[in-house]
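Given next, in structure tokens, is a single chain: the form predicted on its own.
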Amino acid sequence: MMTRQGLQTVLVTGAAGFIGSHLVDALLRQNLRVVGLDNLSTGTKSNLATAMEHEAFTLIEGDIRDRETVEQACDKAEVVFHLAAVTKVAESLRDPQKYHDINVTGTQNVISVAVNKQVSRLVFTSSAAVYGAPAKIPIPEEIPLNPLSPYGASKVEGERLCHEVADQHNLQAPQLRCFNVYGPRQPIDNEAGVISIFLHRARQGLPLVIYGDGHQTRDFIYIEDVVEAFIRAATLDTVSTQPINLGTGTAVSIRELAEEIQDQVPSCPIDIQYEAPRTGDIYHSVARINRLQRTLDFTPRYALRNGIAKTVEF
């Protein structure tokens, strides 16, 4: 991957999280100075063990809702990767105000500071949750958005803020709508992390629990592909201000996923167990990735089997 000429310092919010920590590691490998901002409410310093040994990395412990902290973190940054967010759908239904405060007010704070600091580009992490139960599969970016949770709604609002700043200021703000990201370091306490949950249970010899009939589909994208797309969104000379689906374009049923886990963890005898569908679960979700291929000149490289193998190895 190449970087724009002269790019030296970048800020990653949510740096200690699953995606953020992998992004930090990749940016350091490109000889960039990286500042990480994280309040460690969900991310962990252990995710940054490699980065913390690097002299070009600085971790600032703080909250994106605190403007002074964001200003400190953003000082001298030329690009901001904004990943800091709360991401649990079920929790957002119980505590919508928390999700608005962090994901909307916090994002507004980060964008405002980026404008004042004359950052050239801000890459915003959005989510397939903005679509809700889509009327069309694979999902094109231009269909009407219909989020079914405060989490999804907060990402819609974050995208709107990015569009506003792109229209009014000299700040490019591409938005990447992540589908089901998986890989090493993924926590097992988030309902979106079905692969990490399945692997955790498989290693313990516990049944893999499928809610529903197992024919529901998801679009699973490996973390290394996600990181490469993020860096491309930050470093290409020009990038679309339209939202971009970040998935593989391949639908995998949850039953197929469970069988793949069984195949790759043969040392642990594991069964598949079915339980009643969970309220609010979307049946089919797979990305149309034409815009990803066209605007970022990128097609994900990892097939599910290969990505799971690397995750198992970790």
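The first residue of the shown sequence is 1; numbering continues from there. Here the structure is a predicted model, which is why all the values come from computation and not from measurement.
Here the subject shifts to the form predicted in complex with ligand NAD, a form of this protein not shown in this document.
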Given a 4.5 Å cut-off on heavy atoms, tell me which of 31-39, 285-293, 50-58, 265-273 is the interface stretch with ligand NAD in the predicted bound form.
31-39
Contact with ligand NAD in the predicted bound form, heavy atom within 4.5 Å, among Ala114, Cys162, Ala85, Leu208 goes to Ala85
Is Val156 close enough to touch ligand NAD in the predicted bound form, meaning at least one heavy atom pair within 4.5 Å?
no
Answer with yes or no whether Gly62 is in contact with ligand NAD in the predicted bound form, where contact means some heavy atom within 4.5 Å.
yes
Is it the case that Asn180, even though its partner is missing from this view, gets within 4.5 Å of ligand NAD in the predicted bound form, heavy atoms only?
yes
Given that the partner is absent here, does Ile197 sit within 4.5 Å of ligand NAD in the predicted bound form, heavy atoms only?
no
Three-residue site Val123, Pro243 and Phe298 fully in contact with ligand NAD in the predicted bound form at 4.5 Å by heavy atom:
no
